[in-house]
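One chain is shown next in structure tokens, namely the form predicted on its own.
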């Protein structure tokens, strides 16, 4: 589904290189996790996949279902079914949350939304996400708590029904109960959409206890340096990223 080939990325403003010959292949239905310390390019990768204006791809390619998307706009990539749950969702004052969701569905499907079905689905999902109905009538993320922002991202995810879900530090700012709720909702969606793929960006393996990855990758200096299974994440949790050079010796997959 997603094939990243020898990706080189710089910051447009100063030419600083962030990603260096990074390659990653995600098949339909797979769950991948990327871990690494601060400043290694994890969140940059998620933004580059969606075409963030701040970055420029100077080498390599990004293929989605066999088609290059590196020259497409963000909205074009989103219409293909790529969804990014942001680490720090933005606030847009004056943009009604329910109108935002309805417009997003309209833009994706190019069909007029059936209001009865739309509202019924929203109400069901609010219950599952433990969100108050007042969230419909508030401006997008304005005055939302950290947990409400992340739950609202998952609400968008479930309404838009993407094919590739990117979770950029979803666990950031969430307490244990809220993390459990959002992960249960994502797992429920994946159970009903078995060909959907997930890319989890995280510092810590806590979220991986709830959303089980098929593969775990370690990123360092803008490139993936180790790939393994969940045991790789547990090794990092135990010994830290400083042990990365000893991972292979510890019997884990390289």
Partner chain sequence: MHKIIVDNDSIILQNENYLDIEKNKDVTLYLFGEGKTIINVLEDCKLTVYHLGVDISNDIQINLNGKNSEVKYYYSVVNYQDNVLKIVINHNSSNTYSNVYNHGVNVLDKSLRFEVSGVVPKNILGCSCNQENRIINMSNGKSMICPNLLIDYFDVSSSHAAYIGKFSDDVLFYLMSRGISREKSYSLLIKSFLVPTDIDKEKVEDFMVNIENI
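Numbering follows the first chain given and starts at 1. Quick caveat, the model's predicted, so the values are computed rather than measured.
Separately, the form predicted in complex with the partner chain exists; it is not shown, and the next lines address it.
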Interface membership of residue 50, the partner chain in the predicted complex, 4.5 Å heavy atom rule: yes
Any non-hydrogen atom of residue 90 within 4.5 angstroms of the partner chain in the predicted complex: yes
4.5 Å heavy atom contact, residue 98 and the partner chain in the predicted complex: no
Contact flag, residue 172 vs the partner chain in the predicted complex, heavy atom cut 4.5 Å: no
Listed residue (164, 183, 122, 78) with a non-hydrogen atom within 4.5 angstroms of the partner chain in the predicted complex: 78
Non-hydrogen atom within 4.5 Å of the partner chain in the predicted complex for each of 74, 94 and 141: yes
Stretch from 183-191, 218-226, 32-40, 52-60 whose residues place a heavy atom within 4.5 Å of the partner chain in the predicted complex: 52-60
